[in-house]
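For this one, two forms of the same chain are given in structure tokens, first as structure 1 and then as structure 2.
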Structure 1
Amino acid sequence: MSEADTKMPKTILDLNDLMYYGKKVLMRVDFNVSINNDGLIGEDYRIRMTIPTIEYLTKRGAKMILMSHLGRPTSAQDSRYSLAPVARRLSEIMSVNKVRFAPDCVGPYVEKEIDEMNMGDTLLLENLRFHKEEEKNDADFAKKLASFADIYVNDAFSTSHRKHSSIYGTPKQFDIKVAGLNLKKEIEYLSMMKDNPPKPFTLVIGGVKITDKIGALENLFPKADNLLVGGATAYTFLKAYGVKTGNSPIDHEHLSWVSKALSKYSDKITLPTDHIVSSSQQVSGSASLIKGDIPDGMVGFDIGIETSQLYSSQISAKRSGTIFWNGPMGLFEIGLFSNGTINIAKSMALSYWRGSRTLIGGGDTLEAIKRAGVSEGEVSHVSTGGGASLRFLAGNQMPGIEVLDKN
């Protein structure tokens, strides 16, 4: 694999203002946020972070066409994955213009909507993943999207590790393809962390998207001084270590890699020693604390008290350095399983006030710190990306950045 080129690409600031006047700008954003059954958006950080770019461009006379995915839908009929609630939220928080919403991302209706746009208008297209071609980086689909506009902007750092049509195939069709302000900020901050993290560098990993993250960890392990593993990810590590994990989720595909990493980096890696377990996810008040092996029929849903105290003290130790946290320590959306995550969030805040450079990444991790009462201002940098920020720090390829124009 060739060396990843994640240096700063050309950005919207590098083009003359007049370039945008009356032009159609197709911008990839990542509005993959959590939406509950009533259509209410949980954390809107990813939405808020795109506002500066939208306003910069609309003020200069651009017509903004926004496109995003939401979740991992298997059918276009699944309205839980519609971006309509996001269009409403975006309208509420934009200072001037309202946002129109197109109920599909391609087709004659969308073309008509775009034709009728005025300078300064913003249109959000429906979920790109309602078309299976998106994730296949299908060339025809990429061209259809590209036909809508004159200029392409990527402001979706958190999806830039995906080689999908809207991220990779579509920008290739454009003469002008540049980064938005959020992508620029992410590259600036994370490059500094990648190349020169203040030492010691502690990595806290949790969450469920194990397959996405393990690849990046391979490159990050040598750079980190300490590795604290929690969340569903921890069970793959524990299993590889020979601890019984009951019915907890395991990434079998990566077990042998994890085993090798455990022996190579044994001095850096800390695994949970106790767990909050339950018999199933449909728990209604039944959870227990277990030390060591997890019996068959039981699933680990949170790190235990001893583990939580150990991780918290390591994170907030009185020494400055860098701490990067991605992935909740447990199924924190359920109160019974939220303590481990809440403790880690509070320790991250304490560590920030004690002078460490703290970074968090991932939609769910951001939601988790809010639940713990920790604000965005108590973290040095809140990345919009989970898997993407890990991959960036690991020096892995980022197709969505590599495809943009170079300075």
Structure 2
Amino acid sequence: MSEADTKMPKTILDLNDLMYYGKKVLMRVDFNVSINNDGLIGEDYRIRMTIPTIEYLTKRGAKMILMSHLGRPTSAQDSRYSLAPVARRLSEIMSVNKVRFAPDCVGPYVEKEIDEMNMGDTLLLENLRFHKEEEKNDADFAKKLASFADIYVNDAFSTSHRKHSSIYGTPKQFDIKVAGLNLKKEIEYLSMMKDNPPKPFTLVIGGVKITDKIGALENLFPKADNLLVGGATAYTFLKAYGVKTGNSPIDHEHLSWVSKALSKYSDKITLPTDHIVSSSQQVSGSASLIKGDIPDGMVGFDIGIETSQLYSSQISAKRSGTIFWNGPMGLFEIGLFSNGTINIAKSMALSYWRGSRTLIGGGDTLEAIKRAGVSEGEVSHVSTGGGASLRFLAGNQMPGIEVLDKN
């Protein structure tokens, strides 16, 4: 796998403040958040992370035009994917101006809305994916978006691995294209971890999919001092190690890769020794603590008490160095299977307060720390993009970042 060197592009801080005065700024954000049937936003972390950039620019007289996708709508008539609730939420948490909302992202109505903007105004465009041209990186669609503004800003790290119109085709139309403050912070933290992590360097890997993590692990293994494995990912490692895993999910496609990793880095990898198992993931079901092999008919849904204590003590004992956590230790949404994940979250906070750099990637992991009563301020950095952060750490191409340096 070839490694792409993603260097820091120019950011909004590199331009003279007067460059923004009276100018229209088109900013790609990632407001792909969960919205319930009542139009209420679930976790709004991605929304809040864009506010420093928005306020930095509006205070310097810019007219802010925000664009984002939401979900995977099949048609523009599907109101479940409208960004209108996001505009309301952003208005509630912005300290100054309210956010206006355009019911489309291109067309005469949008042009009229933009023409009527005053300095310091913020306008959120409707879901980009209501137009199929967005995901196709359609040149005409990209030009239409670019025609709205004088300056382009990317503050959407979590979508920067995609070659979509708003991420790649649109910035190519601009002479002035820079990174926002959130994108800057993501690149700084992840580059530090990829290239020169302060030692000791601990990886805590959980979740379900191994596929997404392989590239990142191949890059990080040589630099890491130890890897703590949990979640469904652990059962593939245990299977490759010769432990019986019952009916637990196994990624058979990547068993051989896991076997090679175990033989090459056996001194660095720690696997669960006990498990919380059940024959069912029902909330009303029963669970057992099993040490060693998992019996047939049983599924592992969380790391066991012994493993949880071992992992927690290894994490919380750190008073320096770097810890990266991606993926929960079990099916933490159900109380019976939440203990391992909650203990890891609390240990990450303790290690942070003791002086370690702690990084968290992935929406599930962010939800897990909230459930454990750990705030975002009790970790060094929470990445807005789980998949994007793993791709970045793997050294994969990040078109949305690389395009910012192209004239």
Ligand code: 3PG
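By rigid core we mean the largest C-alpha set that fits within 1.5 Å across both forms. Each residue is numbered by where it sits in the sequence of structure 1, with counting from 1. Bear in mind that the values here come from a model prediction, so they are computed numbers and not experimental data.
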| task | Eyeball the pair and call it: which is the form predicted together with the ligand? | result | 1
| Core aligned, does the CA of residue 50 move at least 2 Å between structure 1 and structure 2? | no
| Did residue 34 shift 2 Å or more between structure 1 and structure 2, C-alpha, core superposed | no
| field | Threshold 2 Å Cα movement between structure 1 and structure 2 at residue 62, rigid core reference | value | no
| said: Give the rigid core superposed Cα shift of residue 372 between structure 1 and structure 2, in Å, rounded to one decimal. | reply: 3.6
| note | Once the two forms are overlaid on the core, the CA atom of residue 241 shifts between structure 1 and structure 2, in angstrom, by 10.5
| Rigid core fit between structure 1 and structure 2: Cα deviation of residue 314 in angstrom | 7.7
